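Taking the form predicted on its own, here's one chain by itself in structure tokens.
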């Protein structure tokens, strides 16, 4: 067995190589490393945006252009407006202006683009990417297609970085700082919210995540990374023109993120290195091979992308990581962390959820018709019926996912209609899903911690700079407590996707419990479970009932329901046909008729 290396040792060796690289390498290779660093900074933003957040953007090159042109104008213009004169001539002040300007543009573009979904989103990024590219080449103040020359070098403590070996350290300092802060961000409450986007908007919102905000956060961060890259590029090249900021370069940045591994922070650096070095080599080799000049490397990259998407969809980073025996680090829980505050549960027997004559129509289809029911604290109430009876529609009315056509749903005496899933979760209602919605590559601990999202408040900046550690310890301890509560302690650090279906359903309950609810809504929790798994689930629900939790479960498994619940409401064709104790419902003629021929 190979000896395992610590992550710090590997990182230390990498930093040592970076320190000596400009001292021992020819200028050509130092320049190549500079470009790799610049490209990796943009690709890192795409890892966050596309690989982690699931949002595809082809327009990042335009944000690089914003950073480059902002600093070029501010450092070369002689007649700046009075309100901008303070930033004239200073690259560092120009960086500040560029970041603020880029963030503003990203907020505007994001507010328009991020409302799109499916294939419309990447098409939207193509649209504004092309628009900004032609804007750079059209405005005379930006030098048109000729561009701007005379951009001054960056000075650090009075020392001007005039050549590639001098600016090398600044480029890589920016990149490594971005890598560090991105890793910190992803390993936090904010990062879990961002990663939850891939689990679906409904799930994330039900756990209290503001998905619109999380999407905007990663969109702006990716834009700021690109802006910083453009700023460095302008002062390294000492001139700026529109060519490096076109759509084809935006596609190349996306190639880098995907080839390296769009879900891995260090994949951005690997992808930038592979594409940049391969492009340089292929531009020399392929024309000789074919006996004529041409952009043959583009054809090669296209074929390479197809192969990678088929054979290594996670990119090259996981393959490279397996070659280096790095010891995995297990997250440590802080036993001394102060527990999170808990809300007092309503008194046992108190009505906590009430549906009054709820009707839901979809055009001419009446999915629910005058449905009324109540759920009390410290009881398990089941909503059952044959497939197509309208149970899931009613579940959506009560959980706030959908709004009744008429009637109302009250939770703790307050109307549910018109409130978002986040607000309802904050009030104390939490839910699971008919089809399990977990993040399979994240650990059980992290999945459950998503449920505690609303019980923290640290934002992006504290997360990126590790100022959130006290709160993070409290959130993780709460997640660990819920995992132990439901009997999954031995799997706490396992990937959620490695669990059996029954364990995944119990994991969803642990995640819901991490939100500190007084009411649990369970959507077909026994679906697909084996007999022993159903027994374990029933025992867990009885334990929660004993603690004073109110539980509403939608189910079609009569055997599972009858020995577990306190009361049952039976639906058929969108209407309530029976309500009462399990033994009463079992003898009801209407129920027997509805289930004639067996229960699905």
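Numbering follows the first chain given and starts at 1. Just so you know, these numbers come straight off a predicted model, no measurement behind them.
What comes next is about the form predicted in complex with adenosine-5'-diphosphate (ADP), which is not displayed.
Contact between residue 294 and adenosine-5'-diphosphate (ADP) in the model of the complex is not found at the 4.5 Å heavy atom cutoff.
In the model of the complex, residue 393 approaches adenosine-5'-diphosphate (ADP) with a heavy atom inside 4.5 Å. The closest non-hydrogen atom of residue 287 lies beyond 4.5 Å of adenosine-5'-diphosphate (ADP) in the model of the complex.
Of the heavy atoms in residue 134, none are within 4.5 Å of adenosine-5'-diphosphate (ADP) in the model of the complex.
The chain is drawn here without adenosine-5'-diphosphate (ADP); in the model of the complex, the stretch among 384-392, 153-161, 265-273, 84-92 whose residues come within 4.5 Å of it by any heavy atom is 384-392. With the partner removed from view, the residue among 120, 362, 281, 465 that has a non-hydrogen atom within 4.5 Å of adenosine-5'-diphosphate (ADP) in the model of the complex turns out to be 362.
Of the listed positions (480, 375, 367, 522), a single one reaches within 4.5 angstroms of adenosine-5'-diphosphate (ADP) by any non-hydrogen atom in the model of the complex, namely 367.
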